[in-house]
Ligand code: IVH
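As a starting point, one isolated chain is supplied in structure tokens, in the form predicted on its own.
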Amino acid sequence: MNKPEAKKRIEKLQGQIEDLRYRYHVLNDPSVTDDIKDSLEKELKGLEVEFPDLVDIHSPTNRVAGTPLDKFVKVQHAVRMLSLNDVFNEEELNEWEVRVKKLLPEDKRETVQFFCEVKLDGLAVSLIYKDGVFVQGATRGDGFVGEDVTQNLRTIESIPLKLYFNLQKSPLARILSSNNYLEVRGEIVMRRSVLKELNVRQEKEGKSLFANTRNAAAGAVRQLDRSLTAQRRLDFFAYDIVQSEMDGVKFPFATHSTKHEILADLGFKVYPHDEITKDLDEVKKVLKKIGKLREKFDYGTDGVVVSVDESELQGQLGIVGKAPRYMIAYKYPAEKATTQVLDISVRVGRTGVLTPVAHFKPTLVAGSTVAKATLHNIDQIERLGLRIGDTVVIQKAGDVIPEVVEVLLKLRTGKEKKFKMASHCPVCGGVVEQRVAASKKDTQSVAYFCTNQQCPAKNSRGMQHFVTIFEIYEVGPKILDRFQKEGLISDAADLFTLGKEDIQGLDRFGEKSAENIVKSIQDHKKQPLAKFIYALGILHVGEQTAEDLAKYFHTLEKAMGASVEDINSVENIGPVVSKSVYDYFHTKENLVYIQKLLKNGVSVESYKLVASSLKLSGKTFVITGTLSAMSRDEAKKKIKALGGKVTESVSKQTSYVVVGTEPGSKANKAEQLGVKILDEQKFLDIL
């Protein structure tokens, strides 16, 4: 075969392989087999080897080729990747419809149509096509900036490297396939059946099992070696066309449902079961139908996305905070399952608190296998009436966190055993005692604590807490454990004595990583008083209490020398917390530890307000979600510098709730209580 003939044959083979890809992934054609595709790819690969100058970078044989990356590069999204607000029942769905219709023109309120699509449980990504060719893929990140994972996404066969179009079905798709610029968004997912096979292999190789398809998919996309991504057999489902331009002119789409049709015609997989509905009653019928079907899906899903279908109306409704007004995610109730409690163990936290943990037979719940769940405290065990050996009902709160919700008493055999909290710490053998709660009321706590100040579990978790508060992000839990095991450190104070030469000799620690660790530690030696107090891990002292102590005493010396009465005078601090703080600063081991920190170079800044004005005095803020202009810690500092106060929970006394991307339930609570919500721009305007 000469070169011109080879060129024609290569083009035909590429077209045929792409057609098979389209039929298999988009049309779900059962007649397409791997054998046919493999045979064609083998012939194509042979021709590419024989005629290397004819090799196309976008050839289907080139999905996995290439050397591993050193790191992921940040990518600025041209259009922000938004999140969705959630609703959990029909009442909340009705309230959303009322809010939407209030903002629409009167003549549109009764005719508005909704589009329903299954919400897949995976990783959102953005795909960029230029002149019909896939050139860049990025993760969502904070919505503004993600990571370039193009090479990994190329390994996913359901992502077309060149845009395909079904001319018979959609002449429009042909136009879009050759546009100068096209941005498609969708979800990277893993099938449940693939996860099951993957975990069997992980178990045989003695590796950790993956908790669920979402984690497995997200981890696969962030592999620096794309061959590892390819092994995970991921899928991609498209759900939106964000931008489409030809010669600088944007292409308009009349409806969101039209985009789904065009995406399928361009060669993308679009998840079935999407429907256009004329009103909310029809939406509810779709929700019930999907609710019955979803347990049979091979892909994890926790809900249905409901949106106003007409694009013009979407533009009128706009965006508030991190989410569009015209779109909502309806979440189904947590999936439940039954299992048997095999044992109850005790975990020791950084403050020495002992937490009971239920261990049960591995059970599939909401798409993933779980084998344990925290029982929180003795009160929870007594409320449930739980015994070792009981058959229980478990569920995943928000389809994520497993919890025990009910004991099936009628299934008891009489062999069940009551749980009794250990009298001695399971880690160090220290004496365990029950302590008074952190409350102004004289109520007995349900918490049990290890009293040994040198307990290894307390020390390890205490160090993790310390480096987190000091923002020494180069030193994670595994590195701390390694340093302890190697005898480099016995407490957090020892970190500040480490040099590059101490670390780089360890296995898997090179010169560069050693330099980065030492630099991160040294760069964070100087800390404000409030952070220093918080980092000490004093029982009952959280971030706000540490701030209150610093604001009242101004210096570390005054805080350490204060009497119980002095501490009790601090706003929002009661007798229990006062005694805890006093006891900490009057325990010999703790004083030695603080002096060691100072001797090793830690510098504590006295508390001061550095602001030209205290214009936020008397205002209380709650921050939820991720901010793009600054970190949440930086935002807190700015609020406090202007005299404001930052708390973690929303109440009627809260002045403002600042909403970034991916906020939690705090935003919903603020709306319920009528607390003013600020998006990031309005927050910056106030500052």
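All residue numbers are counted from 1 along the displayed sequence. As the structure is a prediction and not an experimental result, all values here were calculated from the model.
The same protein also has a form predicted together with the ligand, omitted here; what follows describes it.
The candidate spot formed by 79, 144 and 321 is out of contact with the ligand in the predicted bound form: none of the three has a heavy atom within 4.5 Å.
In plain terms, the part of the chain that comes close to the ligand in the predicted bound form, with a heavy atom within 4.5 Å, is 81-89 out of 81-89, 476-484, 518-526, 457-465. The closest non-hydrogen atom of residue 305 lies within 4.5 Å of the ligand in the predicted bound form. Using a 4.5 angstroms threshold between heavy atoms, residue 269 stays clear of the ligand in the predicted bound form. Under a 4.5 angstroms non-hydrogen atom cutoff, the ligand in the predicted bound form lacks residue 259 among its neighbouring residues. In the predicted bound form, the ligand lies within 4.5 Å of some heavy atom of residue 119. Contact with the ligand in the predicted bound form, judged by any heavy atom within 4.5 Å, is made by just one of 607, 496, 239, 134: 239.
Checking 370, 220, 124, 535 against the ligand in the predicted bound form, a heavy atom within 4.5 Å turns up for just one residue: 124.
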